[in-house]
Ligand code: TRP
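Next up: just one chain, as structure tokens, the form predicted alone.
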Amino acid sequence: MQKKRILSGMRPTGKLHIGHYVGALENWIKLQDEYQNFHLIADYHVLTTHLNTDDIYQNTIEMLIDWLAAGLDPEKSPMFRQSQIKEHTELHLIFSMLITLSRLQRNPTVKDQLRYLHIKQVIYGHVGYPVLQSADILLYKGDAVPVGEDQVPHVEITREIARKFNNQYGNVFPEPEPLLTKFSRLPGLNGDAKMSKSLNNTILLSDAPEVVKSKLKKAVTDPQKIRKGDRGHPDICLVFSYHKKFNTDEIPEIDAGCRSGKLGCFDCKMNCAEKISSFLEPIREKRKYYLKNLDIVKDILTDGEKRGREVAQKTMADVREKMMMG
């Protein structure tokens, strides 16, 4: 029995942080044995917020190294750049005829992004982001899409477009289901709802132990716990949320110590830093290997693009046949 397919991807913004790992990458690694995975480096999507392309290639390599170091297997999971497979843009054009502007403007994810990024002039590419994303997913006939909760509206738009195409021209595309990650988001070190490199509130997968310690020293904690003896509220402390991911064995002890006032914030932070650094150690070591062997990384990218292109070309042949345009 053939495995179901998954398409998932990230915009190449350079080195990844632990929020990327928890929110997406960890789940991709687990799923690559269960599904046939395709992993997209969404370099065209970068243009929706940044027109400067000077750093895209270097950021692509940095991100790909993090994918590999974290455990994505290029034999199981082809990894490729969106811009190097022209069928992405071709299918995007066709899909843009199947959805109204008003439907795209109702997308809550785009509304949130516009507020979050303080964008005053909205370009079509940003509003139409979910349409290109739909083309990305359906070009590989993805049956499922691993996403965080904030991306579920995009998957629903993909399902609508697939349904509209199939009803209009004949069945080509599945209607993919969202696969929600169990631990979908880590707050930023400054208390923001999520980690963001632009806000400088992240711990990178490549950060050395001393850097992790330095960053956690500055992390915000329970505002009502000022001194060590003060009773704390771990449920509102972002450091405790990190413990819940990277230090599960000590959760009862940390919870009790914080609430009683016996555990001070500094000691709690340093314990958390140690656990995060220990978790990141094998990733950092693999990263060093790939940095010394960049030709291997580039070969993985070339091979992934070849394999992805073969699937994309077959899908577009099916599309043209159904539309009687091939």
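Just so it is clear, the structure is predicted and the values come from calculations on it, not from any experiment. Start at 1 with the first residue shown and count on from there.
The same protein also exists as the form predicted together with the ligand; that form is not shown, yet it is the one meant from here on.
Taking the partner from elsewhere, Lys15 is found to have every heavy atom lying beyond 4.5 Å of the ligand in the predicted complex.
Taking the partner from elsewhere, Gln133 is found to have a heavy atom lying within 4.5 Å of the ligand in the predicted complex.
For Ile29, no non-hydrogen atom is located within 4.5 Å of the ligand in the predicted complex, even though that partner is not displayed. In the predicted complex, the ligand stays beyond 4.5 Å of every heavy atom belonging to Val110. The candidate stretches are 195-203, 142-150, 245-253, 210-218, and the one lying within 4.5 Å of the ligand in the predicted complex by heavy atoms is 142-150. With the partner omitted here, the residue from Ile65, Leu280, Ala273, Leu40 that has a non-hydrogen atom within 4.5 angstroms of the ligand in the predicted complex is Leu40.
The partner is absent here; in the predicted complex, the one residue of Phe95, Phe80, Tyr129, Phe173 having a heavy atom within 4.5 Å of the ligand is Tyr129. Taking the ligand as positioned in the predicted complex, the residues of 1-20 that bring a heavy atom within 4.5 Å of it are, in sequence order, Leu7, Ser8, Gly9, Met10, Arg11.
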